[in-house]
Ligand code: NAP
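Next up is one chain by itself, shown in structure tokens, the form predicted on its own.
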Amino acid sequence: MKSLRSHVGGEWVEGRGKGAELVNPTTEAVVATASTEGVDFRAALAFARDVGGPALRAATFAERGAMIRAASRAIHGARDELIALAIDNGGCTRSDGKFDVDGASGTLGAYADLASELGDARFLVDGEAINFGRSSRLAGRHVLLPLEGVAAHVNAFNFPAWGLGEKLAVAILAGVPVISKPATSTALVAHRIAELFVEQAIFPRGAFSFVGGAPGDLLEHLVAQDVLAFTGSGAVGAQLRALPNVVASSVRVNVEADSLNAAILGGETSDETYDLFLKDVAKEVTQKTGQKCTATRRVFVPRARLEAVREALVERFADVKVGDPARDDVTMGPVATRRQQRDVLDGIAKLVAAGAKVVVGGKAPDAPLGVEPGRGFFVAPTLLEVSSAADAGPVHEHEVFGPVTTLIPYDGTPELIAAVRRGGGGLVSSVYGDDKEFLRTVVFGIATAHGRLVIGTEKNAGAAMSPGLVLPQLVHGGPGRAGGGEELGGARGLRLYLQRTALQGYGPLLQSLVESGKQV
């Protein structure tokens, strides 16, 4: 049986003790173990700061981009192997595994392209010169320089490849070494990626480290120049923000957390727009078995269209084939762990107790395809319904992190906007309609409660990307419940790892100091 090791201090380290067990969520067989007992995380951080950091800062953006490009190619080259591990340890269908693995290699590739644009500079110049008089004798400039610390990346269980890749790409391009800690339960994919990076010597020593198991006291040793980027539950994110050393040293923290994302159907839609809405909702509820931070949790429809939408979604959910994700005819596998299955079923029960009714699903399926009876962590695609947007209660407060969504009728645009905003801050919501005034009112009515909004109309229905596709060129994050952070967004993402410093002095001298930087 495979034992996951950590790569710290420039070498692989085997943890002591029994360690945590990683299982196949379809068969419940143990597929690997992971332990970090005995790993010296203080030393691991020091090595990354003292060895990896200087090596990255000495490299130009183009040279860092070459590393990122090599990482993208390494992942793509092992694509089939990584997808197989995602099926075995994550319960992913092949399509779901591709979504994760290709998301990682694609995001790394996009940042390698950005590195080419930034070229031979090693730092960024933010804005133009500011003169404090009629001449340039006294002026100011802003520069963005890489922090001289470590980026500690704590990733979620649902995207072991993409989560690693998107955070890594931005930090490495900024010039900051990375210690990547995946969720242990689904860490096989991330561990294999780490092995590929080390085998191919893609990064300088100390620029990339990997934690294969529990984080131990890793985060307790972060200091002022370090960065903590976390993806997971809001409750854990709040705990990390409150760590004494994080507070005392003002360690930068970026959190991507819970999100009650919405899909909103307008009253006036073409057939193309309506079909796009139905397709996107069905996909966002069932892809990755609903275990996506961007999955649609609330579906708002005009009351007059409620019955038609309900019937259409029931038909689409009925087409979902639940079972062993290794089978070609299966379109949705299990959730990742037994605890996750319990949490999803408990979450459904909580919403039902508060007044939601089960339209379809709401339990474990009776006979998942190709699965031994009584085995696996399965939940049927579930559609709930409430009587009104105003009376939805916990539907606006509690995210059920699985293949579950709630149908919510609304009776007017003001009620709709108020109800969507009750989600407390989201990563992404989507609005579908062909009435420009409706779209304008809704988009600007809910924009400040979201990190991203997707607008579907008949004009883009044939080429639209689903709301759950996180694009490296656009920011990923959201306010409030969603964590208040931002990742990606092209060059915007680098700012998490850069210190903005104002330079003040003789204008021509400042110009000579910043001329080797890249203007942004």
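Residue numbers here begin at 1 and follow the sequence given. The structure presented is a predicted model; accordingly, all values stated were derived computationally and were not measured.
One more form of this protein should be noted, the form predicted in complex with this ligand, which is absent from this view; the next part is about it.
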### Task
Please check if F277 has a heavy atom lying within 4.5 Å of any heavy atom of this ligand in the predicted complex.
no
message = Taking this ligand as it sits in the predicted complex, is R64 near enough to touch it, meaning that at least one heavy atom pair lies within 4.5 angstroms?
response = no
- Item | V395, heavy atom within 4.5 angstroms of this ligand in the predicted complex | no
In the predicted complex, L118 touching this ligand (heavy atom, 4.5 Å):
no
Among 228-236, 374-382, 139-147, 429-437, the stretch whose residues bring a heavy atom within 4.5 Å of this ligand in the predicted complex is 228-236
Heavy atom within 4.5 Å of this ligand in the predicted complex, from candidates P215, G370, G267, G77, belongs to P215
Picking from K288, H191, H450, K181, the single residue whose non-hydrogen atoms come within 4.5 angstroms of this ligand in the predicted complex is K181
Checked 132-161 against this ligand in the predicted complex; residues with a heavy atom within 4.5 Å, sequence order, are V154, N155, A156, F157, N158
